[in-house]
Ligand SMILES: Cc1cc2nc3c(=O)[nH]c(=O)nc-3n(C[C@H](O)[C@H](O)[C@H](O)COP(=O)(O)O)c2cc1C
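Quick heads-up: it's one chain on its own, the form predicted alone, in structure tokens.
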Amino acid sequence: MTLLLSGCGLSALTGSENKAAAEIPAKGSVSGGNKMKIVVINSSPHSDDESTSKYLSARFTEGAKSAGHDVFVFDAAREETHPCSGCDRCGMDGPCVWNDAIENKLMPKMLEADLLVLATPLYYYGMSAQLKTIVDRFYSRTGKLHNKKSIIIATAYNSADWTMEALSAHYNTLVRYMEWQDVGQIWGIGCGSRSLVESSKFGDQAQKIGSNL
């Protein structure tokens, strides 16, 4: 189930991405009416009151909590993290040689989570370096992170119809490789400032996705 949303009063996604559009999941269709463990990974380097992607993830979190789900939020830009060094000492089954926040705070939560939410600003048509660092560290528990549900929330200043194409392709490839079940994609094009994203429909839609889980 994929959700594609038009952006901030400006141009909407079109072309091949728009073909994947679907409605917001029906109430309880994702969780089956059961309480879910959700991990939200914020990766914007901006403050909570300035970031556009954090605003949307906060609205999603509000909705998910209102539905009774457990939500753990990890701020990748504020925690001590290290990129994968490619040493393979983890053997793809842990532990990672880096004794940092990814290994000690985030990984235990991801391993037990039902749903992973990736929230990122669009930087040079890809995910932020902060989020990519975490994605690369999936390697240390690759098998154990398979078969989860996932959502991506992304915001961008640009509003061209191809703005999110590369990030969308990356996310969908990640979903395929990790054997995740995609349950939502929010592509916030034309959201170049906090005021723009706050005045858009994205916030309400993000909150509804969370409350409908």
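Residues carry their position along the shown sequence, with the first being 1. All figures in this text were calculated on a predicted structure; none of them were measured in a lab.
This protein has a second form, the form predicted in complex with this ligand, left out of what is shown; the following refers to that one.
You can rule out all but one of 52-60, 141-149, 175-183, 26-34: in the predicted complex, only 52-60 has residues with a heavy atom within 4.5 Å of this ligand. Among heavy atoms of L122, some come within 4.5 Å of this ligand in the predicted complex.
I41 falls outside the set of residues with a heavy atom inside 4.5 Å of this ligand in the predicted complex. This ligand is not shown here, but in the predicted complex it comes within 4.5 Å of a heavy atom of T163.
At the 4.5 Å threshold, heavy atoms of H46 reach this ligand in the predicted complex. Scanning 139-168 for heavy atoms within 4.5 Å of this ligand in the predicted complex gives T155, A156, Y157, N158, T163 in sequence order.
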